[in-house]
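This document starts with one chain, in the form predicted on its own, laid out as structure tokens.
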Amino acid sequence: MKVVRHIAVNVFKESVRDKVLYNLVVFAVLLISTSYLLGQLTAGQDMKIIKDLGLASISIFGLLIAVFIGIGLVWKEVEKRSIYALLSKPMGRGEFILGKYCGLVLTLLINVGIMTIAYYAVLAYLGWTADPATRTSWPASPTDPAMLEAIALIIVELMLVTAIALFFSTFSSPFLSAMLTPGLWDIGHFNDDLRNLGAVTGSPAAASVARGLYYVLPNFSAFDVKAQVVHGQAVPLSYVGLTSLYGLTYLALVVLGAATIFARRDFK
């Protein structure tokens, strides 16, 4: 574990040097500016729009970090030939992959954590400056703790996307990984449609293929509870727990697959 921790810290430091964390400033400025604009343009719906916009921004910014850093984690070491020096040290290839993954997850967690603080700060300010009549029209308080459930599922989703990006990076180029990872993420948000494809097409073969893809591909739509929390609808903790368990199990299998592929690669 010492080797994994050392690699993870180096990945995080490298991410900081690549100015990845600067997206937080952009996020905060855009969110605050948009909140004031929407507050003037909407009639009583500004809080719902700001909540939805903030959660979507956290998800999209996290996705960009996961994809555009994750796809180059392994390829960059191979391209620069530094992989030979790394693997000559007392370090297993599995430890190398796990360390890279943990480093990117650490970067994601810090980014999402700071974005969440900025998000709640904006919502608290809007709630503090709103008049009593407007506050009573909101379905939930501006700083509703239930939004943390949506953010927790966003984090698990991003961890899974990170694992997928790392998986593709072990055997493909950054360009191909950049196409495959968002593509799989996009398909995963429409995974429920695959289950119902057989009833639409009427073809048994297509129905079997679609059903197989439904069970194999990650169901990213399960992590999306933004609409519920924005409208003040309760999301059971049991659902959050089971969905998180599903995501963590899936990402563990993906990381294991990435480590297996990387262990079989020939760098000669």
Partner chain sequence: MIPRRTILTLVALCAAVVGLQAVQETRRPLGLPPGVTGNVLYVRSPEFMKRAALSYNALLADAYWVRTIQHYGGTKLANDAHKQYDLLYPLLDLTTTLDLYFDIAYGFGAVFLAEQYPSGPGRPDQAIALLQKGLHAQPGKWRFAEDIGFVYYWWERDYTKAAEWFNRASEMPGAPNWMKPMAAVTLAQGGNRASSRMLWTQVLNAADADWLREQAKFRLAQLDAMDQIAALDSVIEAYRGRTGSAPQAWADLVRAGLLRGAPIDPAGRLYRIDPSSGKVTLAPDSPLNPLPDPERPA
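Note that this is a predicted model, so its numbers are computed, not measured. Positions refer to the first chain, counted from 1.
The same protein has a further form, the form predicted in complex with the partner chain, not shown here; the description that follows concerns it.
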statement: Picking from 225, 69, 58, 47, the single residue whose non-hydrogen atoms come within 4.5 angstroms of the partner chain in the predicted complex is 225
- prompt: Can residue 191 be called a contact residue for the partner chain in the predicted complex at 4.5 Å between heavy atoms?
  reply: yes
query: So in the predicted complex, does any heavy atom of residue 233 sit within 4.5 Å of the partner chain?
result: yes
- request: Check whether residue 209 has any heavy atom within 4.5 Å of a heavy atom of the partner chain in the predicted complex, and answer yes or no.
  value: no
- prompt: Is there a heavy atom of residue 26 lying 4.5 Å or less from a heavy atom of the partner chain in the predicted complex?
  reply: no
task: Enumerate the residues of 236-260 that have a non-hydrogen atom within 4.5 Å of the partner chain in the predicted complex, in sequence order, or give none.
output: 236, 239, 242, 243, 245, 246, 249, 250, 252, 253, 256, 257, 260
